[in-house]
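The chain below stands alone and is given as structure tokens, in the form predicted alone.
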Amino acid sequence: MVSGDCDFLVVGAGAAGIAAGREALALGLTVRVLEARGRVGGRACTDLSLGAPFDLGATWLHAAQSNPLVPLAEAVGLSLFDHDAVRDSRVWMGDRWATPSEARDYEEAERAWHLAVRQAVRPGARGMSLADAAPRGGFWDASLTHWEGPVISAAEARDIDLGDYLSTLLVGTNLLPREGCGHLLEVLAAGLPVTLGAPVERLAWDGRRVRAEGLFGTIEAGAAVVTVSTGVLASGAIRFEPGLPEAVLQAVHDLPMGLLGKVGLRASGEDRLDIPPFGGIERRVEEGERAMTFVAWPFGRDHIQGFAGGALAWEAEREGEAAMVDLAFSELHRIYGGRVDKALRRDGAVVSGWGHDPWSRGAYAALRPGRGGAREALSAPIGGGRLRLAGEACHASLAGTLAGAWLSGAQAARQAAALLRSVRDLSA
């Protein structure tokens, strides 16, 4: 049982919660972090069952030049690798790999696709989806829309707000922690007063203090930040008393969780399918078609990681882990035929399962078309600032990333510290 008082209560020990806890401690606040899972990291989890680090969720440190986690990782001695420098993607055309000339055409089509999407924005226009703006009819258009929608944004293009998509495009280098993003967060959480296996069932914010209750006991704090996903908020797993303001509830509805499912498959022998380390595999698709993508043999390790996003991921997850493994093998069969059955093992496959995880209920949030302002509404102060929400869904430009979650959590801690200082000053 945990009970007592603290200055600042953090609900959730993912990137946002760890950042909030560290920032609050640095500002001199007493802190307690409550985490429902039996581990820290949230949707960043490094699995070792493939014999090497495999990130089930967050994998890259995007926008590295401005990512706050990059200097923190370097400061604790973790090795970061520039994935962009070795990226070697190839595209399956249905019966063969794309030629160098076709690959150049694909790159040119990508530039044209992005230009067309940006030019589709009209002053004062609301409600446009990414699908509304995406060009159609070109040889590569469907593949590019599939990539930018389900694969990158974890949602179908028709379900993604155009303005938000453009505001959250990532610029800069993509770095990989060799030991995994989940491991990085474990290291950064060291020393925080975290209670694991402590889901908050009720959170009251109607008095001068915030009170959290659950099987762990009762904790009161001068201010609190809740860093759970919008999927968990929408599920009602935490009972807020009084209920969250209507504007916040609307924002939760407007930022539903997308899904990027991930599967890890280990090699069964020496066959590496003629793909180099960090080799990317994707397939050209037609309008309405869906496909998985893959990154092979990261760091020369003996596993392939596959990604399925949007509706394809939700469908596979509803059918269970075996369905995701079957989907990956089916996709690779299109290219390699029976060779893949000898090259890769089904047994021991690792599947992310974020959609049915009760403490995630998805991978990251995608804004519904026409619902601009929801990210700001989600992070607005509640109860005079005693309560705030934080996480990747709250960040206006780095949504869906560890960096966005981290910055959101740290900002919530700074705001709480300012509030508590003002309260103390007034009572002095």
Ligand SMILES: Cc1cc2nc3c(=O)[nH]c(=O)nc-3n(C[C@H](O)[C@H](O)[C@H](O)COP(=O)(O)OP(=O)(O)OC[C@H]3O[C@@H](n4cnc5c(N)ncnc54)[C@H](O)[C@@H]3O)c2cc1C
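This is a predicted model, so every value here is computed, not measured. The first residue of the shown sequence is 1; numbering continues from there.
Just so it is clear, the following notes concern the form predicted together with this ligand, a form of the same protein that is not shown.
**Student:** Of the options 34, 387, 367, 378, which one has a non-hydrogen atom that comes within 4.5 Å of this ligand in the predicted complex?
**Tutor:** Looking at 34, 387, 367, 378 one by one, just 34 meets the 4.5 Å heavy-atom criterion.
**Student:** Given that this ligand is left out here, which of 296, 344, 260, 133 has a heavy atom within 4.5 Å of it in the predicted complex?
**Tutor:** Partner contact (heavy atom, 4.5 Å) among the options: 260.
**Student:** Any chance all of 42, 59 and 238 sit within 4.5 Å of this ligand in the predicted complex, going by non-hydrogen atoms?
**Tutor:** Yes.
**Student:** Please identify, from 72-80, 351-359, 321-329, 87-95, the stretch that has a heavy atom within 4.5 Å of this ligand in the predicted complex.
**Tutor:** Going through the listed ranges, the match is 351-359.
**Student:** Taking the shortest heavy atom distance, is residue 198 within 4.5 Å of this ligand in the predicted complex?
**Tutor:** Contact with this ligand, yes.
**Student:** For residue 251, is any heavy atom within 4.5 Å of this ligand in the predicted complex, or not?
**Tutor:** Residue-level check for residue 251: no, no contact with this ligand.
**Student:** Indicate whether this ligand has at least one heavy atom within 4.5 Å of a heavy atom of residue 405 in the predicted complex.
**Tutor:** The answer is yes: residue 405 has a heavy atom within 4.5 Å of this ligand.
**Student:** Should residue 24 be classed as touching this ligand in the predicted complex when contacts are defined as heavy atoms within 4.5 Å?
**Tutor:** No, residue 24 is distant from the partner.
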